[in-house]
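Next up: the same protein chain in two forms, each one alone, written as structure tokens (structure 1, then structure 2).
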Structure 1
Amino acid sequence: MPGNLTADLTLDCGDCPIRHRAVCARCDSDELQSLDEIKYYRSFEAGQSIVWSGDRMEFVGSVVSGIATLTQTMEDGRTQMVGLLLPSDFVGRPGREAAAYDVVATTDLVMCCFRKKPFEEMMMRTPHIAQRLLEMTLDELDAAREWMLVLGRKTAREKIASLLSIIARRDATLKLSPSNGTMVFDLPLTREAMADYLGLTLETVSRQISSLKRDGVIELAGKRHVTIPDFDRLLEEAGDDNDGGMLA
């Protein structure tokens, strides 16, 4: 099992191309084995819904590639994104019957799924997996609460900067970022999706991105390819001033 910076949070899972952050590294090979037996892959196309809020959810699993979002919708159509799922993120609630949110693939997506029942049984038999899931859920709770501050108190410009810093930070964890300090990545979200995450309209998102670009905080090539010349500057714009360490 090759070590890396998240080694203690992850588990190589058979021939799975990603390391599941869901499950802890102390798992021995028997547990690995039983994980392998209940797992399968599913692919989704960009825009495809994975589950609807209220649906029975028969699996849990990790995102292998692509991006998915968790959203809530009011009767009149107002929507709020409540989570962004990037590769290695865990999806689903052991112990819950129904999905609480709409889960949608925003890009082409591959998931590594575990059938829920057997996964739950394994969790019962393997106390430190429940403990690891508790830890992960606490992380998600922190991320959600951090996001409450963004939604409740930050300006549109700060909101955009916060979102960019999260994506940049997260992206940098996956692909190593160029060493001169600049960060480069592709925005995985449309302006509309960003607006739904930030509690804004897509027009405001567009205007603020233009403004950040004008001010040299970010550079844009095409609509999606972003360069951050100075990450600390971005954090300042986000009102975080050092950490900004949210993220699901």
Structure 2
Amino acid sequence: MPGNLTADLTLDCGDCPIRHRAVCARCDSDELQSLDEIKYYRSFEAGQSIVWSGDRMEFVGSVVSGIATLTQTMEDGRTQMVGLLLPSDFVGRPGREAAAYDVVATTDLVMCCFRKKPFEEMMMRTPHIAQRLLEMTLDELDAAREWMLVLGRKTAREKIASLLSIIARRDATLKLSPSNGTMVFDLPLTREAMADYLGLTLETVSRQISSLKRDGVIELAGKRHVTIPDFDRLLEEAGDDNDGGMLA
């Protein structure tokens, strides 16, 4: 597995910033102790591969900080970004030997990894882990269906607003902050990465971000620090209601 062992990162599971959303969210103290015995941390630099499609997976794990992309390559060499991995998202599939997608760090990234075979064995005797992983898998399925709608039916402006709302919500959840009113976060993607993910040109992304800024929907400090003065207004721009569903 590529990446660097992060020996200086020795987070206690109870103090982990993604603890309330990760695969271990429902584990009790004994179960956390068992997980601690099979975990290790790895760091990746922006642009570095975490795993290539078809590679044998010797680990599973959660993104602690940073962001990664899931990409699929077609036979003629074209690639399509099919998903984002944000903090607390799970990498790898228990019971599957090989990776289904290329996973690449978009930013500097830290992962909490578990040795795959011991983790699979622990799943069999720890319902809390199996239940949480099922919940996360179903959430991922819902997100994939929602993203099909974003890519297939929304305008360029709505696509940008949708992506910003997704990132803002996740940031708020990790910080245990309310997902309403004014929201502030650092955008983890470059405009080039946003263009790839949304199926837009770089020029279109830049133009739409400038338009949202000009209209007061977002405020920018530099290229990455984003303030959303009114989250409900951003959802309106995305074509969503305040529960995240499409407006009728």
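These numbers come from a predicted model, not from an experiment. For the two forms, the rigid core is made up of the largest set of C-alpha atoms that agree within 1.5 Å on superposition. Structure 1 provides the reference sequence; residues are numbered from 1 along it.
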property	result
Pair member that is the form predicted on its own	2
Distance the CA of residue 73 travels between structure 1 and structure 2 [rigid core superposed, Å]	2.9
